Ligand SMILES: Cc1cc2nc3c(=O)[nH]c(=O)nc-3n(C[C@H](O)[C@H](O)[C@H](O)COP(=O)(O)OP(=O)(O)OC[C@H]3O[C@@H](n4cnc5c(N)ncnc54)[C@H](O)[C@@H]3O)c2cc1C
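In the block that follows, a single chain appears as structure tokens, in the form predicted on its own.
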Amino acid sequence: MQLTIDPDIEDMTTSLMRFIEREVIPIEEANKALLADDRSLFDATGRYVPEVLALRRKVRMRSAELGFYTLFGAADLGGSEMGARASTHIQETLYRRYGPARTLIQTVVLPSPFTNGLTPVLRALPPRTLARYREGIASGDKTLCFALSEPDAGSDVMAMKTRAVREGDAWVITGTKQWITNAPYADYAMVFAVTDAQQAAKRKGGITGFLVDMRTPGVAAPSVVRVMGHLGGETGTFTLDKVRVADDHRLGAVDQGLAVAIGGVSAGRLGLAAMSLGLAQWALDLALGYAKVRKTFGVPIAQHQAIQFMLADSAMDIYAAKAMLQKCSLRIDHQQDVVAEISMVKAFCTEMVGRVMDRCIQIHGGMGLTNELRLEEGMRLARQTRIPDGTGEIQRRTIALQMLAGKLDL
């Protein structure tokens, strides 16, 4: 299996970067005062201000118009279905070039692998229902959120308390979802709820997914969850109080929703790994350049062995992460079983970026503690990647269970 990047993937990456440089960066520069400071970016409740939401929508829809926003969507959803290798390579390149905290680039030009855009979760909708929503979602006009986690059900998904009860040709859903990306802004939510408490208690199913319009009576998104170092953000909590959802909005078979959800989560894990790899490379590029020009004791700090060791350790971390990610992506594109490998890649890459970012801040000394170079912002983003879509501990549990079941061939 060849690990080189196909020319068509490189061409698409080049086209995407050209779009960002020609159209998105100028918008960011023209709105620098609005986008560069959390105090203008968010309102008192932690939500993006209307002007920012309008800019995000503009960029999102322009990206969709040019075909970038739907690059990784399945062909039967109307996407380009470029595959895992393309997805990881493009996301890696995106973060290596632009680093952290670009409000109009990372999750606007390209949607999250499974929480927005033509997410694979939508394939579980009945065709007639999908046809009603597909165009709005594919065009970037409407956005989604993926609602699996709850206040007491994160890593332990089966502990969820949200319930859906069948009433004729509809379901009535009640519960609270938390840590949900895009919940404060989404038009639709992919909600997972317990439909058979006995099966769920035995951890043998009993969970079903539904597509819920966030404007439905009984749905409320009361708060934003503010994450490390920010006055607001994209993550939020929302509640469902006896919300009626038609059965034709069900995601897959009754009581089999966890299989639908896990397919999406796996895509998210791969996306976080690619983001982490690109972010680590961005930081190392900065550190390498700085080490060549910053002088102490009359020589560039790159000549000091302590600095050389930190650079070398970072390079080894990145090399190992890149090899793991490329091999895993290639196996996915060949339809191979990669449950354990995805967990390995997610855990290793998200932990690796923390180590690299820490070394790069150390190499920069006092400058690394400021946010002038955005390394401080990068460090906070690196720390966050270890928790969403399954913590490092959950990834290790998955790896061990796959080994014990004889499903991991090293």
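Computed from a predicted model, the values in this text were never measured in an experiment. Don't overthink the numbering: it's just position in the shown sequence, from 1.
Only in words, not in the display: the form predicted in complex with the ligand, which the text now covers.
Residue contact with the ligand in the model of the complex: Gln335 places no heavy atom within 4.5 Å of it.
Put simply, Tyr95 is far from the ligand in the model of the complex: not one heavy atom of it is within 4.5 Å. Looking at Ala84, you'd find every heavy atom of it more than 4.5 angstroms from the ligand in the model of the complex. Within this chain, Thr115 lines the site of the ligand in the model of the complex, having a heavy atom no more than 4.5 Å away. Though the ligand is absent from this view, in the model of the complex it lies within 4.5 Å of a heavy atom of just one residue from Ser149, Ser314, Thr162, Gln326, which is Ser149. Of the residues Thr103, Thr195, Thr235, Thr143, just one reaches the ligand in the model of the complex with a heavy atom at 4.5 Å or closer; this is Thr235.
With the partner omitted here, the stretch from 34-42, 66-74, 379-387, 360-368 that lies within 4.5 Å of the ligand by heavy atoms in the model of the complex is 379-387. Taking a 4.5 Å heavy atom cutoff to the ligand in the model of the complex, the contacting residues in 179-208 are Trp179, Ile180, Thr181.
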